[in-house]
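Single chain ahead, by itself, as structure tokens, in the form predicted alone.
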Amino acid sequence: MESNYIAISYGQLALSALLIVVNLALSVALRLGLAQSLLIAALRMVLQLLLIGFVLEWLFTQDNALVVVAIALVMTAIAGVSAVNRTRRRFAGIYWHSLLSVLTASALVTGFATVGIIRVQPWYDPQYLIPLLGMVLGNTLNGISLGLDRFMEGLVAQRDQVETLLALGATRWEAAHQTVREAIRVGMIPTINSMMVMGLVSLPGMMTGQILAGANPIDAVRYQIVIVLMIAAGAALGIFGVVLLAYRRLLSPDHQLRLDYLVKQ
């Protein structure tokens, strides 16, 4: 199949802005109070994507591992901070927990995919490394945010039960393992739901983009399968890591529940 695509001009891009009128009309007609938020979100989205487009255009011309790794670390740091910013409660060290979990999960998964599966040469080729890392980070931070928030809220809601078990001689794991399991399960739900209907209800953006660019649909599907499995593995590792770190922080080695460490935002 000939590799070809229809480029979109800035004029056509401006024309697409009419689509947001649908959202604005609904907000005004139903008095949802979302018009300002929609406009700000749309403007931020456009500016951020245009900016990253120019950055990627420059980055793809680079043949320096240090530059590519530096960009990857910045992306990872932003993902780690963003994951915590979505939670309703915080504790000292929560940002470091999130950063460590995101960094470990994304590095292991993206490294294995680029070196062991796709076999990119060189391994730091930004055309492959940065987009793959970005997709893993986006889904991992969502999972971490959901899992972390559910774990902290679960401990608060089940405080009496957990403290009773601890008072009766249970270890911190015996008292809190159900909350840990539920938090990890909740964090994984969006990824699992997306995988269940992929190809039947939804066509993934990455695969659609490749097809529009002229790639063979079967080749695009193979790439998409690899990416979805990367996302699932990255989310699982990230959620497990951050929930386990939070568990060790909020339940002391002396088997005490330390909800006094939590601060509600």
Partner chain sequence: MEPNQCLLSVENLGRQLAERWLWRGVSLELNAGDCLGLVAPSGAGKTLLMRNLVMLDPIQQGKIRFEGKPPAAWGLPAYRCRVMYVPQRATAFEGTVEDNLKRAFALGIHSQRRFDPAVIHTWLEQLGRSPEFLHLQGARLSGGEAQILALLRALQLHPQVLLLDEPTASLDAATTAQVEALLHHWLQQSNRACMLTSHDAEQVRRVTHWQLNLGDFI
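Worth saying up front: this structure is predicted, and the values here are computed from it rather than measured. Numbering follows the first chain given and starts at 1.
Keep in mind the form predicted together with its partner chain is missing from the figure; the text below concerns it.
message = I need the one stretch from 113 to 121, 83 to 91, 160 to 168, 100 to 108 whose residues put non-hydrogen atoms within 4.5 angstroms of its partner chain in the predicted complex.
response = Of the stretches listed, the one contacting the partner is 160 to 168.
request  = Evaluate Arg249 for contact with its partner chain in the predicted complex, applying a 4.5 angstroms cut-off between non-hydrogen atoms, and reply yes or no.
outcome  = No, Arg249 sits far enough from its partner chain in the predicted complex that none of its heavy atoms falls within 4.5 Å.
message = Can you tell me whether Gln256 touches its partner chain? I mean in the predicted complex, with a 4.5 angstroms heavy atom cut-off.
response = It does: once its partner chain is placed as it appears in the predicted complex, Gln256 has a heavy atom within 4.5 Å of it.
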